[in-house]
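Listed next as structure tokens is one chain, alone, in the form predicted alone.
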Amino acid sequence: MSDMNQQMTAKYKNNFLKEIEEQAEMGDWVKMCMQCGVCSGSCPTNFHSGWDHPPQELFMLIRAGKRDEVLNSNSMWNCVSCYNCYVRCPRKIPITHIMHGIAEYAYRIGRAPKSQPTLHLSQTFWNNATKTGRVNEVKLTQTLYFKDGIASGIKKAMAMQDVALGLVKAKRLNPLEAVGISHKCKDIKGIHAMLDKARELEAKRKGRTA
């Protein structure tokens, strides 16, 4: 191997790349990115949400060892899980999973932005869904709409009232959920036991890779 090849190989074996490979879901795929840019060109939010870095650029920064720049980035928090990037990637890199994996890792080590909308949405959805095993859509919407105060919540609700009425007519939204009357899963204890076991396994996995 030539000196230049050895230098290039060393760049791809920095500590942060190894950290992402071990700690972020499917992070070991980062090194497979060939920087073609198809992912960023396919992303519906890339040109509208003010991303710090498109996916292939974020992967390049990981491989370059730019830990703070990556973990302080808003990029992984703007992924809306449309999977356009994955479908169009010529190497079939699971970009969506990696982006969420980096975000989860950043959250786990206390580097998640406190005001990030997608973080608030995911936490709210998770808390709502795991309580009864099904999503209470009215309470979920109320929590999201009124997170910035009563006035903001009323304004958002009024703007979406036609959509809400359409969902009620189509029997896709049950107004009684507002008072806690909703369809629950039959075996909610079993669901909670499954979630507890998943948390136990995840804690063991993190302990092995710490």
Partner chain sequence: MAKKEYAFYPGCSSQKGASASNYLVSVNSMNKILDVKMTEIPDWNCCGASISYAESGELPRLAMNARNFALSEQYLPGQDIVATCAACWLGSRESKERLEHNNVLLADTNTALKEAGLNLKVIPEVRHMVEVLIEDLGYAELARHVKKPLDGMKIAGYVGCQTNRPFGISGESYENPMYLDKLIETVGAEATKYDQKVTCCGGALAFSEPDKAQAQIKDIIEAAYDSGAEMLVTPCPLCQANTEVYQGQINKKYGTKFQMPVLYYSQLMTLAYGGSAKDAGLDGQVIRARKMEEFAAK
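Positions refer to the first chain, counted from 1. Given the structure is predicted, the values throughout are model-derived calculations rather than measurements. Note that the rigid core is defined as the largest set of C-alphas that superpose within 1.5 Å between two forms.
Same protein, other form: the form predicted together with the partner chain, not shown, and the subject of what follows.
Remark: residue 45 counts among the residues lining the partner chain in the predicted complex, judged by a heavy atom distance of 4.5 Å or less. Taking the partner from elsewhere, residue 172 is found to have a heavy atom lying within 4.5 Å of the partner chain in the predicted complex. Taking the partner from elsewhere, residue 162 is found to have a heavy atom lying within 4.5 Å of the partner chain in the predicted complex.
Proximity of residue 71 to the partner chain in the predicted complex falls outside the 4.5 Å heavy atom cutoff. Along 142-157, one residue reaches a heavy atom to within 4.5 Å of the partner chain in the predicted complex: 144. Core-superposed comparison between the shown form and the other one: the CA of residue 157 exceeds or equals a 2 Å shift. Positional change of residue 40 between the shown form and the other one stays under 2 Å at the C-alpha, relative to the superposed core.
Once the rigid core is overlaid between the shown form and the other one, residue 173 counts among the residues whose Cα shifts by 2 Å or more.
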